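Two versions of one and the same chain are coming, encoded as structure tokens; call them structure 1 and structure 2.
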Structure 1
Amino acid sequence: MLDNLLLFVQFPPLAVDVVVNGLLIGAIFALAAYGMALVWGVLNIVNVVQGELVVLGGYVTFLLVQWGMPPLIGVPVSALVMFGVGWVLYRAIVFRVVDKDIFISILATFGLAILIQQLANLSFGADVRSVDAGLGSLHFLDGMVTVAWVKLIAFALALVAGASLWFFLRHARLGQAIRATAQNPRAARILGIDTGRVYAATYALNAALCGAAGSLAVMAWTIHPYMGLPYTVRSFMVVVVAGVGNVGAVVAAGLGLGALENVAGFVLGTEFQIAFVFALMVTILVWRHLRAARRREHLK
């Protein structure tokens, strides 16, 4: 461990490589986390099926490439297809658990996650799939820092998606309706907002974001039916740290999580990667709790 730390400090280009790659990984986490934050905030659901939606997005892109389409087309097409899938899932199942006890939503979406895993296994097999984006990598500092183009695109896309989402929620009619519903569904209904449609649209939007993330994940890494969990866990962590209503914080938390995870993997060894990030999350929550308690004390 000390060796790794020394290596990290002595070799600045290496440190840059680890941090940059971590930030790029974080961008894909952030993309999946936007949707979770949105669904959590508006529907009051912890969407445990998040990772499986990402995996499905990956499979859509994989299929498109099998049919001879260029891989990058997969990003918008996966988003579109998954928008439809999200809508159907909402209408079929998710609407039953909206605004219920959070435990019920966790159970329901967990069941859905298992169902999707098995269906994906049935239709695509348990094999590991990957798509070559065919874009290559960028090299800096004598090859010590490498950045895969597809991850760079993921990064840019995550920022653009974040900005558009923010803009959409502020200014578009549906976005405003989503925010109103999130604040007070009853009042929103009284004011004539069709909250059922808003919920469905929110869930579908989440699935679309997951679809884009999955499309990038299959190009940057690999997918198989049972790899949704890491994405669910990371999205959950990002949202817990960032809070449900803040797009900017989700970007920051997503990127930060990716970078820290990679640095922890490098210095502590990959087996402690997730443990480190979990410990960090707990520390942040405890610190926040203490700060809030102090504030309450102050108000007394």
Structure 2
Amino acid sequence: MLDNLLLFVQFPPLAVDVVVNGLLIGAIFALAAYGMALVWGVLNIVNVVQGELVVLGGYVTFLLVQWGMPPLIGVPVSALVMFGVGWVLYRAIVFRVVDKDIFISILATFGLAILIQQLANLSFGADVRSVDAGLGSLHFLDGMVTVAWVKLIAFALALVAGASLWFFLRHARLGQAIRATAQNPRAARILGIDTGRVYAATYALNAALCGAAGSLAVMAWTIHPYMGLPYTVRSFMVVVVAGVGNVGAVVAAGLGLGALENVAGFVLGTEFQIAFVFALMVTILVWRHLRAARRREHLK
């Protein structure tokens, strides 16, 4: 571990390469976290199946490439397909846990995650899948820093998606209905808003964001049927740190998490990268608990 840390000191461009690539990968985490923040804020559901929706989005792009379609077409197509999947999941299962205790929603979506994992394993096999975007890479500092074009596209798309989501929630009629429902569902119903439709659209929009994230993940990284849980944990951490109603903070937290995870993977070894993610989640939850406890002490 110390040897790897010394490499950062001896070869600063190597540190730049690790951090920059981590920031760009973090954009994919932010894209998936947008959806979790939306569902958590509006439906009051911790969507444990979030990562499996990302993986399904990746498989949609994988199938499109197998059928001869250009990989980048997979981003909008995966988003559209997953929008439909999200709508069906809400109407079939998720609507039953809205307004229930939050632990019921955790158990229900956890069961849904296991079901999707097994179906994906039966349909696509347990092999790791990836898609060659065929876009090449940029090289800087005599080739010491390499950045894949697909990661730059993911970064740009995350920023565009964040800005579009912000604009949609403030200016579109459905976006305003989503905000009203998030603030007070009963008042929204009294004012004539169909909250059932708003909940379904919110969950479907979340699935579409996951689909786009999964499409970029299969081009920039890899997917397999059991890779969903790390994406769920990353999205959960980003939302816990950033809050459910701050799109800019979600972007910043996602990029920071990507950089931290990449540095940890280099220093500790890639076999400990996921362990670092889970350890970081525990640390953040303990920190939030202690912070909340201090606030309660001040109120006494």
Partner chain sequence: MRKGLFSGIFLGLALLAGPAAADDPGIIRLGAAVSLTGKYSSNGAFTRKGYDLAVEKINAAGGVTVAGKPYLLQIIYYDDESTPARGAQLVERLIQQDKVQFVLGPYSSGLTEAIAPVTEKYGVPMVEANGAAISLFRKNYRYLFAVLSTTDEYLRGAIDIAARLSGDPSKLRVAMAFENDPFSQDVRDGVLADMKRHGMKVVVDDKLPPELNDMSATLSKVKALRPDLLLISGHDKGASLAIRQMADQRVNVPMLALTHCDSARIAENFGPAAEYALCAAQWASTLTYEDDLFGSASDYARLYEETYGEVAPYQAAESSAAVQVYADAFARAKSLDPEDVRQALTETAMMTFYGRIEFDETGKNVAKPMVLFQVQDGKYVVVYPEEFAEAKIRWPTPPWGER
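Structure 1 provides the reference sequence; residues are numbered from 1 along it. Since this is a predicted model, take the numbers as computed values, not measurements. By rigid core we mean the largest C-alpha set that fits within 1.5 Å across both forms.
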- Task: Just flag whichever of structures 1 and 2 is the form predicted on its own.
- Result: 2
- Query: Rigid parts turn against each other between structures 1 and 2 - so which of Leu64, Gly258, Tyr199, Trp40 is at the hinge?
  - Reply: Gly258
- Rounded to the nearest whole degree, how much does the smaller rigid part turn between structures 1 and 2? 14
- Taking the rigid core as reference, the Cα of Gly265 travels between structures 1 and 2 a distance in Å of 3.3
- With both forms put on the same core, how far apart in Å are the CA positions of Val286 between structures 1 and 2? 6.5
